[in-house]
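Shown below, as C-alpha cells, is a lone chain in the form predicted on its own; questions about how it binds or moves come after it.
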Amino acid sequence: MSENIKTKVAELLSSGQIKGFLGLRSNEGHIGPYLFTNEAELDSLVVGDWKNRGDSRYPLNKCLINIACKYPEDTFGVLVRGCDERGLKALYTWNQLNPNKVVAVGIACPQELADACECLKPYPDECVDDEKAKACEQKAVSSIDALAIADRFALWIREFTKCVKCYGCRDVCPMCFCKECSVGSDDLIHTGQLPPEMPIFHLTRAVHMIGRCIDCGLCNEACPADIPLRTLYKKVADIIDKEFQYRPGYTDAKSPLNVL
C-alpha cells in the first residue's frame, strides 16, 4: 500500500500540482509527521504501522492549518484516512482550510484498526488502494446505553475523576482550532487542582465539540488516564445525528451550529 502512495505523491510533486506533501516519515525507528518537498525524500515515507506500533497516527490536518497559514498561495498534499478526510471536509466549512489548496491522498485503515476504533467509515472516498475495511458496530456506546441512567452517571463521574487536566485531548484534536480556548479559562476550571473540578471540564469540551468531532479517536489515545473520550463523543455525535441528521465530515454541509 505504501508503494502506491509513494507513486501517487511522486506524480503530484513532479508535476508541480503540490508544493509539498504532509505525511509520515520513518526516522531512526520513529514515525512522525513530515513535509515532503521532493521525490528523493519519499523513500522514508510510511503510512503507519498498526501491528507493531499500535499504529502511527497524528493530527496531520492540524499541522496543515499551520502550513497553509504560512504559505496561503501554495497547494499542499496530505495523507488522509477516513477520519482525516472527514476532518478536511469539516475544516473547509469552518474556513480553516481552502479546499482549492489541498490535495488529499487517501488510504484505507486496516480492519484491525477499524475494529478498534469502531469506525463507521474507515476509508476516504477516494483510496489510492482499493482494499477497504468494513464499517463497525458501535459496541462501546451500546454497552453504556444499556445501563440504567444512575449507573451511567456514576460511570462517567468515575471516569472524569481520573482527569489530570493535561489538555492532551484538546492539544491533539484536529478540530480544535479556536484562537482562545474556553476550557482553558481559569474562570471555568482552576489550574493546579488535581483532580480538577469535574465533570465541568469534559462536559464543557463535549458540548464544544458538537458538530465538530470527526471520530478520529486521537483524544482517546492521548489521554494518560485512559478516559474513554471517544465513546463520549460518539454518543454526542449520535444525538446530533438524531436531532439534526448531521455528522461532521460525512457531507460537505455546514454543522447546524456553524451558522455564521
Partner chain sequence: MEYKTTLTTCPYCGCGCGFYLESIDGRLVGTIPSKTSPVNKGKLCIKGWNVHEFVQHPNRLTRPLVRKNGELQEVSWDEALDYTADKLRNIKEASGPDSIAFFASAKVSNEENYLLQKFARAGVGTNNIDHCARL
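These figures come from a predicted structure and were not determined experimentally. Residue numbers count along the first chain shown, from 1.
This next part talks about the form predicted together with the partner chain, which is not shown.
- Heavy atoms within 4.5 Å of the partner chain in the predicted bound form map, among the stretches 165-173, 142-150, 100-108, 114-122, onto 165-173 alone.
- Contact with the partner chain in the predicted bound form holds for all three of 57, 67 and 218, each having a heavy atom within 4.5 Å.
- The listed set 160, 76, 177, 94 contains one residue whose heavy atoms approach the partner chain in the predicted bound form to within 4.5 Å, identified as 76.
- Contact check for residue 33: a heavy atom falls within 4.5 Å of the partner chain in the predicted bound form.
- In the predicted bound form, the partner chain sits beyond 4.5 Å of every heavy atom of residue 39.
- Residue 247 falls outside the set of residues with a heavy atom inside 4.5 Å of the partner chain in the predicted bound form.
- Using a 4.5 Å cutoff between non-hydrogen atoms, residue 63 counts as a contact of the partner chain in the predicted bound form.
- In sequence order, 222, 223, 224, 226 are the residues of 222-240 having a heavy atom within 4.5 Å of the partner chain in the predicted bound form; the partner itself is omitted from this view.
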